[in-house]
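Taking the form predicted on its own, here's one chain by itself in structure tokens.
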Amino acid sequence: MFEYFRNLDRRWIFLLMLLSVAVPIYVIGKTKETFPETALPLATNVFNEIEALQPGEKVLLAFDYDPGSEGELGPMATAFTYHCSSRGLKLYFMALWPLGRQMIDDNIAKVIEPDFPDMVYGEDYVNLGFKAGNEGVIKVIVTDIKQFYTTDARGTNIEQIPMMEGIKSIQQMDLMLNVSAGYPGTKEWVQYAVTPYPKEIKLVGGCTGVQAPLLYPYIPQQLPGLLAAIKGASEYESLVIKAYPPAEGKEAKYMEAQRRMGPQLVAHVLMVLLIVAGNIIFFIERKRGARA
């Protein structure tokens, strides 16, 4: 048996990894059941910051990612929009990434238009679109948003949009939510918006797994809450769905992160078992060599 595992063809390992991903996807898709999720403090803090807002208060949602990161960040962006819309908040969308505008449009079409038909564009939500300039945009809009944004993503003059009336800068936002895949993203929002104006601007957000360690030093002072990768999105989803159950038949799109956690969990367990098995084989082989 030892010799069998010692000389095991690596293609069997590849097959096991394929099955560890494919089987959970099939089972979860068939049964609609997901693994139970317990929210950790960082995800809970994000949820609580939104819950603390009153209907009608203003939220800036900056979607700084593109389709390449949609697998990790799409579910949390969807959950943010759903949560804020359920709370009756005013949503101001913007992006520092060129394809961020597409992510915003997809989010609006996925969440607001079908599930919140009473929300009126220009009165309850607005898409300011993408502006080039990276952190330069942040430095300007923290004091004068209309210097950069003279029209929205549809080309409508800002002065003709009811919810932009009286808005001079993002310091007037009651909360800011950022979904970030890298530069520019959450780190730049912390450095150029929150740090200069700690009392006026409050920020929480979500990011990719590789970006999270770079943001942990800002917790909790500049960044009280953070969703890290699909795990953080899954925790946040569980809180939102529990508080605001979606209409029957629409649950799936608000449980995407939890669905994706299934194959990830099984694959990680398999990797751990393979590492343990490899070490056992190594030490047995070394012990036999020492005896020889």
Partner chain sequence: MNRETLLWVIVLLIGAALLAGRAMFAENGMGKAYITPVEKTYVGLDADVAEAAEAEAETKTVWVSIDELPEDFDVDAVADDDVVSWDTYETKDYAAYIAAQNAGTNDVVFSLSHTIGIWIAALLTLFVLSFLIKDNPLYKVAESMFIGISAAYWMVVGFWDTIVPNLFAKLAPGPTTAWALPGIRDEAQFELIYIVPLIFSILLLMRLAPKAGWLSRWPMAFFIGTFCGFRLISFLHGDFLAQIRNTIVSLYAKTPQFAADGTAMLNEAGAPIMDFTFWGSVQNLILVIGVLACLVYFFFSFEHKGVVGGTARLGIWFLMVTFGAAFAYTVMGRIALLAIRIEFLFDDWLWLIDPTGRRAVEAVGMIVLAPLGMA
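Just so it is clear, the model here is predicted, and its values are computed rather than measured. Numbering follows the first chain given and starts at 1.
The form predicted in complex with the partner chain is left out here; the points below concern that form.
- Using a 4.5 angstroms limit between non-hydrogen atoms, residue 53 is distant from the partner chain in the model of the complex.
- Although the partner is absent here, residue 101 is a contact residue: one of its heavy atoms lies within 4.5 angstroms of the partner chain in the model of the complex.
- Residue 202 falls outside the set of residues with a heavy atom inside 4.5 Å of the partner chain in the model of the complex.
- Taking the partner from the other structure, the partner chain in the model of the complex has no heavy atom within 4.5 Å of any heavy atom of residue 57.
- Counting a residue when any of its non-hydrogen atoms is within 4.5 Å of the partner chain in the model of the complex, the hits in 36-73 run 68, 69, 70, 71, 72.
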